[in-house]
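Single chain ahead, written as structure tokens, the form predicted on its own.
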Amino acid sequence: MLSLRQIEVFHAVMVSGSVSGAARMLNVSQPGLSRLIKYMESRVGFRLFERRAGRLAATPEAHRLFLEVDLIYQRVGGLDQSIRRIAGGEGHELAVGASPSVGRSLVPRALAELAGAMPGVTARLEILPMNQVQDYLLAGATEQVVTIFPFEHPLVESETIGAGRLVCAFRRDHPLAERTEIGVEDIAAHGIVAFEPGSPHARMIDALFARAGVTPRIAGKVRFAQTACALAESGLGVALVDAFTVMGKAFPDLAVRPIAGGGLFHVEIHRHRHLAVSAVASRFSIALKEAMARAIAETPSMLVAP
């Protein structure tokens, strides 16, 4: 049996036509290659090269062997191409789960950056309500889920990458638009769009009013923060939502102000504790953190670092 190194040396000698040429190709000493060729000949049981008129001549047996060796090199070349395609994410479908708020703006920004760095990747974004996150992640439908609410499970590990404040959103012609920061008492004077009990938004809003000892007037009820903003944009009360929901220009007729004493929604990446993460998923995590950092720099009054 020949080792891979011996096969490499034999191929280099056959391609270059000389031991000196092979030595330059492989960046090794010529005497070392000559000794290795002698050893190879003792292993295969026949002569590979002869000296003819001062030049190295391959034997017919060497030519026959070279046909087999060259096939190996062609396959190795194909393997190199496969490695490059895998490293570039070609043919990889990256499934990402996200809660609605970060799934509307922050995660798409990261996926767009990933597409620029790894154009062979196909992205699949699934917007998940809170009660679907566990099944989606643990069933293996995705390598990671991004949410603005904590998720505790013995098989899940989480990483916090930033946070968004609880903000108040209302029409630009609303009386509150004159203020730079909104107090709980200010909000109580107007109807709010409330959330379903037990949701992350509902828990934070309830705690806010409870601390102030104020009971808000309910102008409408919704499940999702985007719906709350749509109602506020139409003039039905004010919406108390996370800052990620109002990123970008999705609601051009809304004014947004931070709430004094409002809480934080932490952005977390959740992964299965016992499953390895692909190179593509790791690159997405980096892109997401970079997108988070840029968003914080753009709106430091609304977003904060981890």
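Whichever C-alpha set is largest while still superposing within 1.5 Å between the two forms counts as the rigid core. The structure presented is a predicted model; accordingly, all values stated were derived computationally and were not measured. Throughout, we count residues from 1 along the sequence that is shown.
As for the form predicted together with the DNA, it is not shown, yet the points below apply to it.
Visitor: Which one, 260-268, 55-63, 234-242, 277-285, holds residues whose non-hydrogen atoms are within 4.5 Å of the DNA in the predicted complex?
Guide: Result for this chain: 55-63.
Visitor: In the predicted complex, do P129, F151 and S158 all reach within 4.5 Å of the DNA through at least one heavy atom apiece?
Guide: Checked in the predicted complex: no contact with the DNA for any of the three.
Visitor: Taking any heavy atom pair closer than or equal to 4.5 Å as contact, tell me whether R51 reaches the DNA in the predicted complex.
Guide: Residue-level check for R51: yes, a contact with the DNA.
Visitor: Heavy atom to heavy atom, is L36 within 4.5 Å of the DNA in the predicted complex?
Guide: L36: yes, in contact with the DNA in the predicted complex.
Visitor: I'd like to know whether V28 contacts the DNA in the predicted complex, with contact meaning heavy atoms within 4.5 angstroms.
Guide: Yes, V28 is a contact residue.
Visitor: Answer yes if any heavy atom of R24 is within 4.5 Å of a heavy atom of the DNA in the predicted complex; otherwise answer no.
Guide: R24: yes, in contact with the DNA in the predicted complex.
Visitor: Can you tell me which residues in 12-27 come within 4.5 angstroms of the DNA in the predicted complex, by heavy atoms?
Guide: Counting only heavy atoms within 4.5 Å of the DNA in the predicted complex, the contacting residues of 12-27 are S18, V19, S20, R24, N27.
Visitor: Once the two forms are fit on the core, has V9 moved its CA by at least 2 Å between this form and the one not shown?
Guide: Comparing the forms between this form and the one not shown, which are aligned on their rigid core, V9 does shift its C-alpha by 2 Å or more.
Visitor: Rigid core superposed, CA of V19 - does it shift 2 Å or more between this form and the one not shown?
Guide: The answer is yes, as the C-alpha of V19 shifts between this form and the one not shown by 2 Å or more after core alignment.
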